[in-house]
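Coming up is one lone chain in C-alpha cells, specifically the form predicted alone.
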Amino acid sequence: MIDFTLTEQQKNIRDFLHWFAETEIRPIAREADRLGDVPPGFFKKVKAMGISMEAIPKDVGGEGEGAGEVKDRRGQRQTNRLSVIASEEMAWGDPAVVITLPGPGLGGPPVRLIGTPEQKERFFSVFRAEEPRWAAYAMTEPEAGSDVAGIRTTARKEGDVYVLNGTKTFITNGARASWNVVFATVDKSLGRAGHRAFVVENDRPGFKVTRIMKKMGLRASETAEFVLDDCEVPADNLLGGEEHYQRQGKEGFKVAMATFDSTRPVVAAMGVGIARAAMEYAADYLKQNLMLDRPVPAYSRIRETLAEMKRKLDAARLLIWRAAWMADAGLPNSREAAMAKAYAGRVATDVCTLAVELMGPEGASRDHPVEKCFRDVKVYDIFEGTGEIMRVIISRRVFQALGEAG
C-alpha cells in the first residue's frame, strides 16, 4: 500500500531546502532573471553546502548516495521521493536558479543506468573538482523534440572512434557542461534500434556551441544549441559499450525513456512549486488589500478560486508522489510519470494565470513575483515531453492494459 506520510528524514530535508530557497535563492532570483544568469559566487556557496542537482554516487567517490541508493530507516528506497520533495521546495524559491545548480543534472541518470564502472568513474570524477562543474542531456533537435524516435544526429564508426554529426538544441546547461550525454543513430533504417548514447566532452574538436537561447521565462537558466561537425568521440565513450547494445537491441531508446520516467515527476514537482509560490503570494496580497471575510459576491468568487487552486495543486502533488513511489519500488511507471507531468504542467500554468488575474493589473507588474511565475511556468507543460505527448503515452498504456485484460 502506498504511504504518503513523510518520514522525519524527509520532513527535515524538505524544511532545510525550504529555508535554503527562502534565504539563499529568492534574494537573488529577480536580479538573476534580469541579468540572464546566476551570480558565480552562488555556485561556490551551494557546492560548499553539498547541494547539487544530482548526488554523486559513493561508489565513485562522491558524497551523495546516488540514484537508487538512498533509503529510509525502514530500508525502503526513497531517492525519487526525495527528489520530487526537494524539487518542489527549491522551485518555490526560483526554478531558473534550481536547474542551473552544478552537478550531473539530467546527464547523470543515463550514465548510472548503463554506464560501465570505468565510465562512471571517469565521467563522475569531474565533479570532485573544487570549482563547480555541470553535465547535460542532449536529446532535442530542431526537427526532433517530442518525437524522440526521430533524432537525426548520426554516429559513424571509424576505427576506434565514432564520428558524430548533427545539431542539438534547447539543452539546459549545454554550453557550460563538462560533458553532454548525446543521443545519435548509427543507422536510421534501424529506427529505435539504431539509437546510441554517447558522452561527449565539450572540449572535443567538432563540438561547437552556436547560440544561447533567449527565453520568455527561466531567463537565468542557460539553454544552449550546439553543433557536432565531424566530432570524433572515442569508442570508450559509448555508454555501456558495443556489446551492451548487441545484447539489448533498442537499449539507446530505452535509456532515453527510462530517464524520462524518473525525471518527469521531478519536472512536474517543480511546476507545482512555482504555482504554489504564485498562489501563496496572491492569497497574501488579497488578504492585505481586501476584507475577504465580508459577504461580498466578488469576494466569495475569490475564495472559491483560491480553494480550486489549492485543490488542483494537491491533486497534482499526489500524482507526482505516486509516480516517484513506484520508481523507488522498482515498478514500471511510464504511464504514471506521464500522468503526473501532463496534469501538473497544465494545472501549474492555470494556477499561475489565476494568480495574475486575482491580483488584477498588479499581477502583471514586475513589482510582484507572480508575473515572473507566469513566465517561468509555461515551459513546464512543454519540456521533458509536451502535454500532448504525455496524453499519447497515457492513452497508449490504457489500450495496452485493455488488450492484456481481454
Partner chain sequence: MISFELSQDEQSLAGMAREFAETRLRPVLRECEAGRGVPEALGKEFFELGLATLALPEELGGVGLGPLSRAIVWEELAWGDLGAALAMPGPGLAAHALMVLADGAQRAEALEPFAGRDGFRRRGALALFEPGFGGPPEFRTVARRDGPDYVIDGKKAMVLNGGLADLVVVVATLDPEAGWDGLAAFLLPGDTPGLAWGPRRETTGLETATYADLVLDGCRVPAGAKLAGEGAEAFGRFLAELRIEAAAQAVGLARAAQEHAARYATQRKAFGQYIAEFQGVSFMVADSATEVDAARWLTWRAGWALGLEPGAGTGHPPAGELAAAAHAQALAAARFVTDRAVQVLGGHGYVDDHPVEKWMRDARAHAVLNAGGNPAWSDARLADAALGLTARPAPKGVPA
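These figures come from a predicted structure and were not determined experimentally. Positions refer to the first chain, counted from 1.
Although it is not shown, the form predicted together with the partner chain is what the next lines describe.
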| property | result |
| --- | --- |
| Option from 184-192, 226-234, 168-176, 317-325 whose residues, in the predicted complex, bring a heavy atom within 4.5 Å of the partner chain | 317-325 |
| Proximity of Arg156 to the partner chain in the predicted complex, heavy atoms at 4.5 Å | no |
| The partner chain contact at Tyr343 in the predicted complex, heavy atom, 4.5 Å | yes |
| 4.5 Å heavy atom contact, Asp15 to the partner chain in the predicted complex | no |
| is_contact(Ile99, the partner chain) in the predicted complex, heavy atom dist at most 4.5 Å | no |
| Among the candidates Leu306, Val148, Val126, Val209, the residue which, in the predicted complex, approaches the partner chain to within 4.5 Å (heavy atoms) | Leu306 |
| Residue among Arg81, Arg112, Arg276, Arg196 with a heavy atom within 4.5 Å of the partner chain in the predicted complex | Arg81 |
| Residues from 384-403 in contact with the partner chain (non-hydrogen atom within 4.5 Å) in the predicted complex | Glu388, Arg391, Val392, Ile394, Ser395, Val398, Phe399, Leu402 |
